[in-house]
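Quick setup: one chain, the form predicted on its own, written in C-alpha cells, and binding and motion questions come after.
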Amino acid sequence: MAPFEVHRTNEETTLTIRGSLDINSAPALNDEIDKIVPTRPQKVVVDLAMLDLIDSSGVAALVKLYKGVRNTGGALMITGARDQPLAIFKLLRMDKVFNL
C-alpha cells in the first residue's frame, strides 16, 4: 500500500499519509506535491491520523506543500497529528504554523 493517497473534489484536495514519512518516502511525496500545487487547490487537508513517524525530510515536504498552496491563494489544514509526528512539529514549533 502506498504511503499516501490523494483524493480531489471540487471543494478540497485531501492528502492522507500513513506509516513513515522519511528520507525513503518523502521524494515520492514531493513528486505528488509538484502535481497538487499547480492545480491551485483552494483547500488542502493533510490527514496524519495514520502517520507513525516523520523525519526532517518529511517535515520539509509538508512545508513545501504549505508554501505552494499558500502562494497560489489556497489554505492548508493538517489533521490527526499524534505521537511522534506531533512531538516533532511541537519541537520545531511547526504546530503554530500548522495550527495543530
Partner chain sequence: MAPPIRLSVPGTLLYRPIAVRTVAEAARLVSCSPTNDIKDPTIDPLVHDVRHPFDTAVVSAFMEIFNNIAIHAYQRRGGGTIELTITPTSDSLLIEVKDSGRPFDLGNVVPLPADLDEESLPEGGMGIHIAKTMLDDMTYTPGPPNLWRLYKRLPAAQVAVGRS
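Just so it is clear, the structure is predicted and the values come from calculations on it, not from any experiment. Numbering follows the first chain given and starts at 1.
We do not show the form predicted in complex with the partner chain, though everything after this point is about it.
- Within 4.5 Å of the partner chain in the predicted complex, a heavy atom is found for every one of Val59, Met94 and Phe98.
- The single contact residue among Val69, Ile54, Leu48, Leu29, judged by any heavy atom lying within 4.5 Å of the partner chain in the predicted complex, is Ile54.
- At a distance threshold of 4.5 angstroms between non-hydrogen atoms, Thr79 is out of contact with the partner chain in the predicted complex.
- Among heavy atoms of Val63, some come within 4.5 Å of the partner chain in the predicted complex.
- The partner chain is not shown here, but in the predicted complex it comes within 4.5 Å of a heavy atom of Ser20.
- A residue is said to contact a partner when one of its heavy atoms sits within 4.5 Å of a partner heavy atom; Asn24 meets this definition for the partner chain in the predicted complex.
- Along 67 to 89, these residues reach a heavy atom to within 4.5 Å of the partner chain in the predicted complex: Lys67, Arg70, Asp83, Gln84, Ala87, Ile88.
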